[in-house]
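One chain comes next, on its own, written out as structure tokens in the form predicted alone.
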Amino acid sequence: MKRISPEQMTDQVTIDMRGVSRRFGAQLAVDGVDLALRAGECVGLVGHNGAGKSTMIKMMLGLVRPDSGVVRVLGEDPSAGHGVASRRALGYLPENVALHPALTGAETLAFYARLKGRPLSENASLLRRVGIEGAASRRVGTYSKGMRQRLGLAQALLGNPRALLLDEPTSGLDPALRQSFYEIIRALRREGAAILLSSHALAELEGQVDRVVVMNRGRKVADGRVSDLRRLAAMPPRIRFLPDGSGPSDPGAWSRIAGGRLERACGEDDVAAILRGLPQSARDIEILRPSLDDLYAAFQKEAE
């Protein structure tokens, strides 16, 4: 896949969902959701079990039709008979990878390559890319969970997909392999792939995604960069320091907390000016910003 410029990526909507709803019997699984994934963008999709994440992914894959609204993948309806090309442009890694234990890693990847109509010649490099080329001739039944997850990622990467839909992709991976996984994701983004990461590992997502979409009971309750979500949740950064001698020039803005430290909340744009105004004797200066876990909890509470 050729690299495309950031300017080109901005305007290329790979997956577009508009006013999408889906009901299963009495349960409204997805309720009027709008979501766009652009080329070169990585979006985190978070929410509790039953929030609608898996149903949204199934609609993107064309496995489930929406009851109302529109889903387009590369401009096509993925659930329509003529949507074969758009479905082949997607890579998908489910949360629980079901692989035949009697097949080897190489045989498994060859099976998926044939399903996608891809030449087998690219399989060796894919196995090498995900770090299991040394186990290609072993039966999948002997693989650890992390190895099966990496083999599942290899099948998702078949054909240089224009979009990747990944459901709990780092489950079973140790810290080193998680780092390797995100290196692969960054490389795919540079090549212009749109990536959707559905995960409960919120601390892990922070710093890896461009945007975060928060779901609650089928509804999208927040969508934006982490900095945007902090503003939406009205959870400003806090500055702490330990005075050693003179205090700040505006003591009324500060509160004393445990250990004799001083703390104040402020706007993101004011952080630099406040730090410059601290006395030179200030020690143990900290800038505390709400984590993605904090923001997620705030939006879920607000939605209840």
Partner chain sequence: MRQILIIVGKEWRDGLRNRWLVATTTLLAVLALTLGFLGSAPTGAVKVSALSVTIVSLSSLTIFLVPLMALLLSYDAIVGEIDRGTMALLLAYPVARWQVVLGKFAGHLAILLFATVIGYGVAGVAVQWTQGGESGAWAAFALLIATSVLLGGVFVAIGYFVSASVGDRGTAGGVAIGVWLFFVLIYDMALLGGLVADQGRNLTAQALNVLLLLNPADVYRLLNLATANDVGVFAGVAGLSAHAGLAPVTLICALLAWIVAPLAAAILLFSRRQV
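Residue numbers count along the first chain shown, from 1. Everything numeric in this text was worked out from a predicted model, so none of it was measured.
From this point on, the text means the form predicted together with the partner chain, which you will not see here.
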query: Site test, Lys58, Arg114 and Leu158 vs the partner chain in the predicted bound form, non-hydrogen atom cutoff 4.5 Å; finding: yes
query: Candidate from Ala203, Ala234, Ala98, Ala176 lying within 4.5 Å of the partner chain in the predicted bound form - any heavy atom; finding: Ala98
query: Selected contact from Arg148, Arg129, Arg189, Arg88, since only one has a non-hydrogen atom within 4.5 angstroms of the partner chain in the predicted bound form; finding: Arg88
query: Gly172, heavy atom within 4.5 angstroms of the partner chain in the predicted bound form; finding: no
query: In the predicted bound form, Val64 touching the partner chain (heavy atom, 4.5 Å); finding: yes
query: Contact flag, Phe181 vs the partner chain in the predicted bound form, heavy atom cut 4.5 Å; finding: no
query: Any non-hydrogen atom of Arg139 within 4.5 angstroms of the partner chain in the predicted bound form; finding: yes
query: Location of the partner chain contact in the predicted bound form, chosen stretch of 89-97, 216-224, 189-197, 68-76 [non-hydrogen atom, 4.5 Å]; finding: 89-97
query: The partner chain in the predicted bound form - contacting residues of 17-36, heavy atom within 4.5 Å; finding: Arg22, Phe24
